[in-house]
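As structure tokens, one chain now follows by itself in the form predicted on its own.
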């Protein structure tokens, strides 16, 4: 039995019930960011090799860029084949033209989709006229592709502790919806825009409840700027004040961190 097959799973079609019971995530601390990229990519590749028809929830932003590069290289070398794999992205800005270089749709094309044949790829339509109608469409799309075998998430900047774009106040049973971005999120992400003033005020995101339905969740974090959020998420109270802390009500979470991101956990 492989590592992917032996993992505890959430019963299909159900959200984990919020409770006082929490589970300690599997903690993997590595020397540097490059090691995190390699380890996370290896877990995803193992999942796809074990089950080629896997359904994956995947993130965007700076954190997974190196990971995607290694997956692309492995696919081009014939080590892994994504041609039967389904990808459902976590989030997208709204409103934004999907063709814009600043959109997460463009991000995914640059870093994965333009380089590797993928069975099916889905991402919220940032250009949809109605955010609420698009959220409803994407919620139904995600429901039709359950169960998600593996969800990969990062953690938000500063003290946001968001996963996806689930900002403070998000509840563990939340589903796909439009959210207003926290000021810290907008300030951190605006620097990635060609024109920082054009960053949208909101986004479409999978909810925490959607993320928690995955059979297995990988949290990746790199750099000293993520250390406070990682510590709050893994050691602080489980509450909507730190949405990522709800990962601890899931029975199977692997946190893959570099030493800088884990420094408070390690007592440095």
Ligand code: F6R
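All of these numbers come straight from a predicted model, not from anything done at the bench. Residue numbers count along the first chain shown, from 1.
Just so it is clear, the following notes concern the form predicted in complex with fructose -6-phosphate, a form of the same protein that is not shown.
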Would you kindly say which of 179, 90, 71, 82 lies with a heavy atom within 4.5 Å of fructose -6-phosphate in the predicted bound form?
90
Here the chain is shown alone; which of 32, 62, 239, 50 has a heavy atom within 4.5 Å of fructose -6-phosphate in the predicted bound form?
62
Residue 105: heavy atom within 4.5 Å of fructose -6-phosphate in the predicted bound form?
no
Residue 94 near fructose -6-phosphate in the predicted bound form, any heavy atom under 4.5 Å?
no
Heavy atom to heavy atom, is residue 151 within 4.5 Å of fructose -6-phosphate in the predicted bound form?
no
Is residue 164 close enough to touch fructose -6-phosphate in the predicted bound form, meaning at least one heavy atom pair within 4.5 Å?
yes
With the partner removed from view, which of 170-178, 140-148, 154-162, 125-133 is the stretch that lies within 4.5 Å of fructose -6-phosphate in the predicted bound form, judged by heavy atom distances?
154-162
